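Listed next as structure tokens is one chain, alone, in the form predicted on its own.
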Amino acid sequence: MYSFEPTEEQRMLMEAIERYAKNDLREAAHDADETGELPGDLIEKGWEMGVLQASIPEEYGGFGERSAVTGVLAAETMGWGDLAGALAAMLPATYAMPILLGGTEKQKTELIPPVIEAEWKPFTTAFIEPVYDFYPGEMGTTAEKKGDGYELNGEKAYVIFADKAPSILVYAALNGQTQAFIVPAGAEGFVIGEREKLMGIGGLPCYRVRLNNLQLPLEARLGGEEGFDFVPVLASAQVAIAALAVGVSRAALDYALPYAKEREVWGVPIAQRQSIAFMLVEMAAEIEANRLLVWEAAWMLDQGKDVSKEAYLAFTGTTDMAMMVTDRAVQVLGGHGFIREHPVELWMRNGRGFSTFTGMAMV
């Protein structure tokens, strides 16, 4: 049976991340959303927390072993601070973790160290596609083996820092199976469009990308000629987004609850009104229940178990929960909830997007 008691290393890491989330991410969130730009030193400070580095073995440039549990604890706390900043700081994991899980030994040795060494670099992933019924197991983007390489065609959305990425991990359907391919910056046929205008995560630069007869060598395929198992990679992505959703929801409740205790109507705090009290209780109950789903799925990932069902339940549960909790936080604040000086409206806009964010984070 797993334990809810963090290790000493986890405790020390979480204390550092909590300070970062409160003093840095939360403080920068409003201005970043308004200006559309996250400060570079903010992202670098999050990178220096060493969450990804601690999940990469020493032979590939890291200083630990993978721990999805540690990853979700960190993601939840950073999500509590600010979702856009958290996604930026965690971005290199979307590139390095699939290589660690499914790459050949040569790919791990050559591709992971440049991600881990020195400062944060925007190694990124092209995962999501701009269709209403997008399903990761049936990519519309295609890869076809031609001669001594592969040809990729299709369109991707939400490609974070696509304009600055030194290398990109692109997912595509090959013979009906979702596979991934390493695409270097500046590759001919990899066309970066304009920055997307999104409802939330305003500080995070996301781009639409076209793959027009993109030619890649055989060694660009993750896992080599045999490919790799996409299932654990998808589970890792779903669990990461679920953890971030818990963090954003916790932030909304933590803001709405003290407001309800202090805000008085007709001489009585609104928290004493049954309609408000019941909303706050349901928000708290949903957060705790879904949080346990995320922790269980992360623990199962670390045990090497088939976590397909648990990861999906955590993902779907937390995405619904985040929309409910953030919306009710706005309701609790009443007219103030609609004012941009209060962060609940930002959290509600971010909360709406979780169901579409698969692949934008990894643990």
Partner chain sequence: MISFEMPESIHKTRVLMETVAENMMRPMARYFDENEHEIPWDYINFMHQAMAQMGGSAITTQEDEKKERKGPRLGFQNLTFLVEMLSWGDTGIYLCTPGGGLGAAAVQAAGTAEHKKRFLARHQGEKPTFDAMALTESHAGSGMPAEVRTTAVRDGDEWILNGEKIFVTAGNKALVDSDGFVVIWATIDPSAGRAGVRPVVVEAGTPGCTVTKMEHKLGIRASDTVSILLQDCRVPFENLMGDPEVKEKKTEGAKGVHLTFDATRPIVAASAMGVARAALETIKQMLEEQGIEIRYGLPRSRLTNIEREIIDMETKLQATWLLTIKSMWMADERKENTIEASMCKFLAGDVVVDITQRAVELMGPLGYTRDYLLEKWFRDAKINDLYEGTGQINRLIVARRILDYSRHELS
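Keep in mind that this is a model prediction, so the values were computed, not measured. Numbering follows the first chain given and starts at 1.
Missing here is the form predicted in complex with its partner chain; even so, the following discussion is about that form.
- The partner is not drawn, yet in the predicted bound form one stretch among 213 to 221, 135 to 143, 170 to 178, 74 to 82 has residues with heavy atoms inside 4.5 Å of its partner chain: 135 to 143.
- When its partner chain is considered in the predicted bound form, residue 281 lines it closely, a heavy atom lying within 4.5 Å.
- With a 4.5 Å cutoff on heavy atoms, residue 313 counts as touching its partner chain in the predicted bound form.
- Within 4.5 Å of some heavy atom of its partner chain in the predicted bound form lies at least one heavy atom of residue 272.
- Its partner chain is not shown here, but in the predicted bound form it comes within 4.5 Å of a heavy atom of residue 320.
- With the partner omitted from this view, the residue of 198, 292, 231, 192 that lies near its partner chain in the predicted bound form is 292 [heavy atom within 4.5 Å].
- Out of the listed residues 254, 117, 110, 288, 288 is the one that sits within 4.5 Å of its partner chain in the predicted bound form by at least one heavy atom.
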